[in-house]
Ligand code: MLT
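A single chain, nothing else alongside it, follows as structure tokens in the form predicted alone.
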């Protein structure tokens, strides 16, 4: 896997690539970095060019000066992804794959760069905006994290991210997710939370997303539920719904074999 570092929109963005062929962009979720995709990078790089950026503030990428205090709109993250593709000189339309917050970014990229999109993969994400209560919770975390650190984030998020069986019987997955959250910068967490709290509701626009689309969700996801994601698939003109057994929100780590199988079949179909 090759590492690239680019200057994009006033920040330093790190990106990892592997394989060759049709470009597929993996947009990670909150508050992780590209390493959450490692099982998928290993599988997909055998059939396409995998492009896995670290969003600004995460992994090897930096924040802008005002990002933590003002927040990062999903459209700004999307513009960073576009900048990465420009620097990589990717000229053909890409398959976009977004997990959780990465899905919010995917919507914005597709809305602003439709000619650069070949297909969409939506993993455990939402089309709706936050409720007022959920948005307030995000702002509360953003305001407090500079003094509390990331441990309250670990304690609050992990029980919601993983299926019951994973929490009770798979300590290695629990430890991996905990470590990934602890590695995140408090400033990056604050920036993302402020941005997600004011993100666009795209439910009314789903009918315009005419690309082939795979909608993938863990059977026990309590954040982006199977019912909600099935509704997204139904609203997309070319949506295909796929439920992953034995997984909560973190499908890509809890049941990577099933996720990889679904992604490989979809990529084969659209390429």
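A quick note: this is a predicted structure, and the numbers were derived from the prediction, not measured. Positions refer to the first chain, counted from 1.
One more form of this protein exists, namely the form predicted in complex with this ligand; it is left out here, but the text below deals with it.
- Listed residues 84, 101, 153, 180 were compared with this ligand in the predicted complex; 101 is the one with a heavy atom within 4.5 Å.
- Out of the listed residues 184, 196, 78, 127, 196 is the one that sits within 4.5 Å of this ligand in the predicted complex by at least one heavy atom.
- Contact annotation for residue 32: at least one heavy atom lies within 4.5 Å of this ligand in the predicted complex.
- Interface residue remark: residue 47 is not counted as part of the site for this ligand in the predicted complex, having no heavy atom within 4.5 Å.
- Put simply, residue 222 is far from this ligand in the predicted complex: not one heavy atom of it is within 4.5 Å.
- The closest heavy atom approach of residue 157 to this ligand in the predicted complex falls within 4.5 Å.
- Screening 202 to 210, 227 to 235, 60 to 68, 23 to 31 for residues having heavy atoms within 4.5 Å of this ligand in the predicted complex returns a single hit, 23 to 31.
- Using a 4.5 Å cut-off on any heavy atom, the one residue of 111 to 141 that reaches this ligand in the predicted complex is 138.
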